[in-house]
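Here we start with a single chain on its own, the form predicted on its own, put down as structure tokens.
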């Protein structure tokens, strides 16, 4: 987006698979995905349909070089739109399902990230995610795998998947292990479940960020807690609207969260599945909230302040932002 530096904390690398690359991989694998796509977007009709489409598309990623190409393509594209920082989520369990080791998948994504960085200067970190529906024992195994393969780009851990499955507290041992090893912690909550999902995560896990978290807008006391504890929400408005959680962007609670003092960032989640992009999220938010470049830069600043990076890197990224401090938004 012209004149505004962008940053993203919430994007699943598998969910960023462009339809063009999926079609290419489908030809290689002898798989027909014609009913799955329309133009550059995947087709689905409801939340279960989205999960099914996501599974069919991402199962085409069967080789490490697929992950490397995907990471490079996605990161280069958002850098061309002005992104200076991005975190990518990846799931050890998905790599295993595809028949490759987590280490091989990790090295491939890192290779793609480094190629994008060399080309564009975008700074990248990787955040492996535990899949909630696989349960706490699988979470412990995944965490041990992540810690057994340290990488300079891996700076955090997250909890993703179906938030309706298992209590957040069941994952406390895995998160304690990761936090003790120095990884930043984030968890999906308050997307398809209510504000109690967010509260449970805050009570049970050592998180500094919440993925989505928009259901918190229904609970003023919870919003106050988020603001007081300076928990950052990785908000994905386009994803929320596409999934039918809100009728349109005017009904989305982003403005209420900001007005309550909650720290929020803008993110694309799974771009080709939801018809989103990082730059598109910034543009749509500017239109919905009447923000100028300085107001949009506030989202980027928050993302960098909440990023899982060392302080020297954070300072370098902050130095790349426009120095103008925006006036606080009020609904």
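Positions refer to the first chain, counted from 1. This structure is a prediction, so every number in the text was calculated from the model and none was measured.
From this point on, the text means the form predicted together with a small molecule, which you will not see here.
Taken together, the three residues 127, 171 and 175 lack any non-hydrogen atom within 4.5 angstroms of the small molecule in the predicted bound form.
Contact with the small molecule in the predicted bound form, defined as a heavy atom within 4.5 Å, holds for exactly one of 160, 215, 79, 231, namely 160. Of the candidate stretches 31-39, 300-308, 287-295, 269-277, only 269-277 has residues with heavy atoms within 4.5 Å of the small molecule in the predicted bound form. Although the partner is absent here, residue 44 sits far enough away that none of its heavy atoms falls within 4.5 Å of the small molecule in the predicted bound form. Although the partner is absent from this view, residue 188 contacts the small molecule in the predicted bound form, with a non-hydrogen atom inside 4.5 angstroms. Among residues of the shown chain, residue 282 is not one whose heavy atoms approach the small molecule to within 4.5 Å in the predicted bound form.
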